[in-house]
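The chain below stands alone, shown as structure tokens; this is the form predicted alone.
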């Protein structure tokens, strides 16, 4: 993992003390809430429905066990004993008091964490593949470039007050687990005809009120030009992006209105002026950052597949967990372990302080003291010896963290919704829990197979409903909660936006609607066909008939 240098440490420490003074001025009444708002947002502090919410960056989703223990401390000391992992690979605390925020930020600074640029109209936390550095299908570790982007973008004087918030994601794999096509800028690493690794540059993706899948404006970009090309994109957006209407201020609107070709032309014109200047990224700097991500000292372990298969045969519950929650590791004898935060007992993405402390212990014992956060609000232990999987699973059961549902129906993304958010029109968390309760039969869950359900409580789409295989949007109709459905969305390398089924359903009919959709899928699918494949083959008609009847 990257470690702070003297400049990082000084910056974060000074920012904490600066914010301490700002918070004291607000508490004393010297600043009004309107005056305080831009100051708190620059430090990741929101005012939600019931209390302040503090968002902490987890750059590219990577956490040390020491940092996880400090997150547990923050939850226990300053909040209500839990934290919420988000779709941006960050963590939020929903009940923090303003008087305690400076102390909490100081505690976080002690373990190289902060909330700078986790909110506001700036470049937010750069996200990546949760399997970065260990995935068998990976071309190159994208975290190196995520860190370079973090250093370039932090308090960038030209881009601290953009027309709207700005999000960047990087993947080093042909199987996109970072949703790069749904970001303001998405970077996909691949090789050109000469076999050199570079970036496909995708611009203008995003969700919210006006969703778009991003457009490729450069098929291949050499790594040494990464920062200058990003700078050119941001300059064009900063100058030409709308500032008169926040709903039309994202870069996706600019790209859509002027067209991909014209946007590319503007960027290339700007880029030609700066591409060979101070932002040129030398290989020596790439190598320096890469050294922070040197693989751990893997043991020489024989492949444990035979022994693991025997354990799975003897224990069906363990087998179900292995089948759903493990991914292939590039090193023989190791596995990538996904830890589901989708137990029915807690809202999706929530983890208690007790669980955080225990997860830190498990990371120390089984996975080189490191954890990852993914954009589906789950956690990952990236380097677990296969011989230890049964032992790890047993301990996860005791923590209620062994739900075998990664990529299955109850692995639901849900925003905080009306339970917390002042912008929401409907609740998301109770619906997610009702769906989980309805589909508890593990055999049926595995029969349904790969499926993403994403729930948003309003059009801002924090629950990514546009790209769920089944997307659910909460809306308000004359003071009552209704839920609209979309089908066929996807956030992978073949990203697509879901199609709306029709009129919404009242809250007490929403789970029944999900069941009708799934029963229809089971009826019309071909052998071995996943939900998204079936929908793309047969289209909306059979699902619409099941939901609303024949016309």
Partner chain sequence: MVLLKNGTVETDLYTDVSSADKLPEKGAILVSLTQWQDQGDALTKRLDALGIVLQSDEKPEHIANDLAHFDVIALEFPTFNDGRAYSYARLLRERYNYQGELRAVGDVLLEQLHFMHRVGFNSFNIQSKNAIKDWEVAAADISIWYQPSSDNRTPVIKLRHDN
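Think of the rigid core as the biggest set of C-alphas that the two forms share within 1.5 Å after superposition. The structure presented is a predicted model; accordingly, all values stated were derived computationally and were not measured. Positions refer to the first chain, counted from 1.
Here the subject shifts to the form predicted in complex with its partner chain, a form of this protein not shown in this document.
Though its partner chain is absent from this view, in the predicted complex it lies within 4.5 Å of a heavy atom of just one residue from 248, 156, 446, 265, which is 156.
For the residues 209, 136, 288, 196, the 4.5 Å heavy atom test against its partner chain in the predicted complex is passed only by 288. Residue 278 belongs to the set of residues with a heavy atom inside 4.5 Å of its partner chain in the predicted complex. Using a 4.5 angstroms threshold between heavy atoms, residue 20 stays clear of its partner chain in the predicted complex.
Although the partner is absent here, residue 273 is a contact residue: one of its heavy atoms lies within 4.5 angstroms of its partner chain in the predicted complex. Using a 4.5 angstroms limit between non-hydrogen atoms, residue 295 is distant from its partner chain in the predicted complex. Residues with any non-hydrogen atom within 4.5 angstroms of its partner chain in the predicted complex fall in just one of 143 to 151, 249 to 257, 385 to 393, 432 to 440: 143 to 151. Contact here is defined as any heavy atom lying within 4.5 Å of its partner chain in the predicted complex, and by that definition each of 14, 25 and 239 is a contact residue. Shown without its partner, the chain has 231, 235 in segment 213 to 236 as residues with a non-hydrogen atom within 4.5 angstroms of its partner chain in the predicted complex. Once the cores line up, the CA of residue 494 ends up less than 2 angstroms apart between this form and the one not shown.
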